[in-house]
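Form predicted on its own, single chain, as structure tokens, below.
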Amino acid sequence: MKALSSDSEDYPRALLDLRDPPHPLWLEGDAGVLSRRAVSIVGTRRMTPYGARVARELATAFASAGIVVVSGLAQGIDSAAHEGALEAGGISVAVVGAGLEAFLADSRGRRGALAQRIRDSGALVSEFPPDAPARTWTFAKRDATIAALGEITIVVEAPAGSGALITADEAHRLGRTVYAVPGPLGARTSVGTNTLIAEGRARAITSVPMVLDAMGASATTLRVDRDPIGARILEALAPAPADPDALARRLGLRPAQLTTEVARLVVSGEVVCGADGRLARR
């Protein structure tokens, strides 16, 4: 474990934009990734299948373009974003709301395994001493750090009062561009994102390439590889659009596996997602 002082060569300059930059910043992993181009993707713990798919698609696209994906390693949208980046062969950074030793001691099962994967290729970071427990106020500070590390912040799903909205507000204060994913009217998980858009505090995302273009990473430059699963998906969609769950069952794929492959096909422009949630071959 490393402790980076604010005057250290490895300390990410982006964090100096904060009113109270972390000092020191505790890290496990590669400090070098903190100075690379990054996007912050955040959202609710209680995500919908739609939110999970969008978070993975976005993370896959950015990771494939060589952009680091930053999030908070919470359940839900955060974990979906980390997983999408890693499954695309990219790098992710997790900013946690407790000391690293305390966080890892409490993280078991799927989240513990995900933390290990993030640490192996990217970094786990915290602004709190290694044994510090999580508290309500530590998550608010963590959210500000997430906002500072990303060139842009994307809120995928967020109910009213969600911590993801704190990240969006801090990103706005820092002068970073904020994007939000529009959701169905009345959907609890989209109240926050729709409000951000309606009040002009975030730009609405209408497509993955739109956000890539905002960072100068055109979808045509992505490393999208053709593989047997992708070919099977395209073949299955040739006759007509299909619901993702039905398509996964038909092909014998895990939902997460289908989501990752579909994300690559969306990025490459070979598959589109309709307003009704069905997938269609372009």
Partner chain sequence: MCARRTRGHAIAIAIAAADRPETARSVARVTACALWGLETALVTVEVDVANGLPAFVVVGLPDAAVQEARERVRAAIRNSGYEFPLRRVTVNLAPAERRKEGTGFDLAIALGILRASGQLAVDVAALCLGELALDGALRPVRGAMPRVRHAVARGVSEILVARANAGEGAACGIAAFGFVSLRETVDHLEGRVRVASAEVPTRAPEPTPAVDLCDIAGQETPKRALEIAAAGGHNLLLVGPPGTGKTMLARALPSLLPPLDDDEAIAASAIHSVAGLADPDHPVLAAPPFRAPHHTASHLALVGGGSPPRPGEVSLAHFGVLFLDEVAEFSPSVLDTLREPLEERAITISRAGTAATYPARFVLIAAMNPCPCGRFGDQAAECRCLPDAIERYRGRVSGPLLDRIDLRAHVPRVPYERLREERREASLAVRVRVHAARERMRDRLRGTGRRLNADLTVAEVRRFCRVDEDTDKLLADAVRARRLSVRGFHRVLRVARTAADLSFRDEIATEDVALALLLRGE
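Every value quoted in this text rests on a predicted model; they were computed, and no experiment measured them. The term rigid core refers to the maximal set of C-alpha atoms that superpose within 1.5 Å between the two forms. Residue numbers count along the first chain shown, from 1.
Quick note: we don't show the form predicted in complex with its partner chain, though the next part is all about it.
Put simply, of Q75, Q116, T138, T195 only one has a heavy atom within 4.5 Å of its partner chain in the model of the complex, and it is Q75.
Not displayed here, its partner chain is approached by D245 to within 4.5 Å at the level of heavy atoms in the model of the complex. Remark: D7 does not count among the residues lining its partner chain in the model of the complex, judged by a heavy atom distance of 4.5 Å or less. Although the partner is absent here, P24 sits far enough away that none of its heavy atoms falls within 4.5 Å of its partner chain in the model of the complex. Of the heavy atoms in C273, some are within 4.5 Å of its partner chain in the model of the complex.
The stretch that touches its partner chain in the model of the complex, counting heavy atoms within 4.5 Å, is 41 to 49, out of 63 to 71, 229 to 237, 28 to 36, 41 to 49. Contact annotation for 234 to 261: residues with any non-hydrogen atom within 4.5 angstroms of its partner chain in the model of the complex are P241, D243, P244, D245, R249, R254, P255, T259, T260, listed in sequence order.
Here I233 counts as shifted, since its C-alpha moves by at least 2 Å between this form and the one not shown after the core is aligned. The pair Y50 and A242 is tighter in the model of the complex: their Cα-Cα distance falls by no less than 3 Å compared with this form.
With a change of no less than 3 Å, the CA-CA distance between D245 and E87 is larger in the model of the complex than in the form shown.
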